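Encoded as structure tokens, the following chain is the form predicted alone, with no partner shown.
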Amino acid sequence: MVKNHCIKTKKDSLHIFVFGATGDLAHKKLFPSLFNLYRNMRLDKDIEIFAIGRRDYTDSSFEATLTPFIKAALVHDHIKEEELTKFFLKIHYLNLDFQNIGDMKKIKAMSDSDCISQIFYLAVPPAFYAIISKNLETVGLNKQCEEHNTFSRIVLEKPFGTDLKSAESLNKVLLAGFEERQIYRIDHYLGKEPVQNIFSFRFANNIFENIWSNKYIDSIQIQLLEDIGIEQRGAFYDATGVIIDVFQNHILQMLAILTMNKPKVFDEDHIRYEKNSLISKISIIDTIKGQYEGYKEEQNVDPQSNRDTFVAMKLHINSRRWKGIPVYIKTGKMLDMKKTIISVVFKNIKKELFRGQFNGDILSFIIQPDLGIKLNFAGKVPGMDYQITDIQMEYKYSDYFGELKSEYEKLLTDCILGNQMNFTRTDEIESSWRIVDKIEKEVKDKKPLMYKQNSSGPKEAQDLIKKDNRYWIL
């Protein structure tokens, strides 16, 4: 641990610095989540939140700007005005330039005489991650007080790099100033309850974990479908595409959780070790690249762009457990539905034993929008004859637990508590980029297959799975 000499300690105090406090992420996700945690007494009473931006706000004008976003994010909750008033007393707006080392020293001066735990949340474009990290190190804000057990943590959003080389470079900068246990790389999908529930579903239920292998499973599908376009992110998306935007992080993380080996101990180190071990064994068999009609007319998009807004893939996992089992991936924008679903298709029994229509045993984790688990299995049709048909059992989170909290509330709480289980480690990031770099190199010069808006994507995506005598499960 990097030591920090302190004059006096305030170990029960916490300072949260939000860089990029005037941006969409901070307004729509971070501050509503912090407010909900605060009013539900999940945050320390001595917490102070410093909103850092370059706009000429005061505390009161920043409050006026932020209030509608908090109310919109929590529209179904009953928010009391006195709760908002108390929360805003904890927020201090700082008009600072985080690239200016003199301004960074002003932040340092706020806690120079006290040993206070600090979280630095980088809600800024990824291009600024390295300079902020370097400046935090330069002024000593990376240091921790070992004597009084206070901490300093840095939180970064995706995308973490644009390729393997840039990810390695950024990791090098971060690790020069912070230890791995101080670095929290957020993938908000890891904060979603249905994704976290895959752990318990697998490892707390022997009925499924004992058949979680190529002996019983026929194939796996992960589909992350969006019915919206790129909205106002033309410049970002044209430089990124769907492969980097969601496959490199969300989809690979979900696949790793679904297929990793059982960790020896249920803790952050062992879980992240097994996830990285799984990701490093993935190989790409086939890739279909698509682009929705009208993409090139979007604002800030190159009229000649070959950028992918859709991708379908066939993968293999090169391990004894998953040898020979195909994994199918489909993700894209401007499709005919919004849905994230993980489907595990079990091997079929011999159909000649029975008459009737039966698609097979299928276990589906619905990540959004319905949030639940479905099990498709065979059952007898009532009557004199013996025919079977598909029957479905379904579990919905809302039926058991009501409305779930934002994933950012969970992840912010983990940051404060020092739990890194739901955050990606250096080796995971770099392993995922090795896969993506190969895909990007393969499809870079390919002309994308065009597909109509509000469709299921290019026809070739259907052929990718149909030629294996399988179909997309929704």
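Sequential numbering from 1, following the sequence displayed. Keep in mind the model is a prediction, meaning the values are calculated, not measured.
There is another form of this protein, the form predicted in complex with a small molecule, and it is not shown here; the text below is about that form.
*Asks:* Just one stretch in 245-253, 263-271, 381-389, 294-302 has heavy atoms within 4.5 Å of the small molecule in the predicted bound form, so which one is it?
*Replies:* Every other range fails; the passing one is 245-253.
*Asks:* In the predicted bound form, is there a heavy atom of the small molecule that lies within 4.5 Å of any heavy atom of Tyr121, even though the partner is absent here?
*Replies:* So Tyr121 does not count as contacting the small molecule.
*Asks:* Even though the small molecule is not shown here, does Tyr189 get within 4.5 Å of it in the predicted bound form, heavy atoms only?
*Replies:* Result yes; Tyr189 sits at the interface with the small molecule in the predicted bound form.
*Asks:* Within 4.5 Å, heavy atoms only: does Ile228 come near the small molecule in the predicted bound form?
*Replies:* Close contact exists here: in the predicted bound form, Ile228 approaches the small molecule to within 4.5 Å, heavy atoms only.
*Asks:* So in the predicted bound form, is the small molecule close enough to Lys289 to count as touching (4.5 Å, heavy atoms)?
*Replies:* It does not: once the small molecule is placed as it appears in the predicted bound form, Lys289 has no heavy atom within 4.5 Å of it.
*Asks:* Exactly one of Lys374, Lys134, His316, Lys158 has a non-hydrogen atom within 4.5 Å of the small molecule in the predicted bound form; which residue is it?
*Replies:* Answer to the contact question: Lys158.
*Asks:* Using a 4.5 Å cut on heavy atoms, which of Arg233, Arg153, His148, Lys143 is close to the small molecule in the predicted bound form?
*Replies:* Looking at the other structure, the residue within range turns out to be Arg233.
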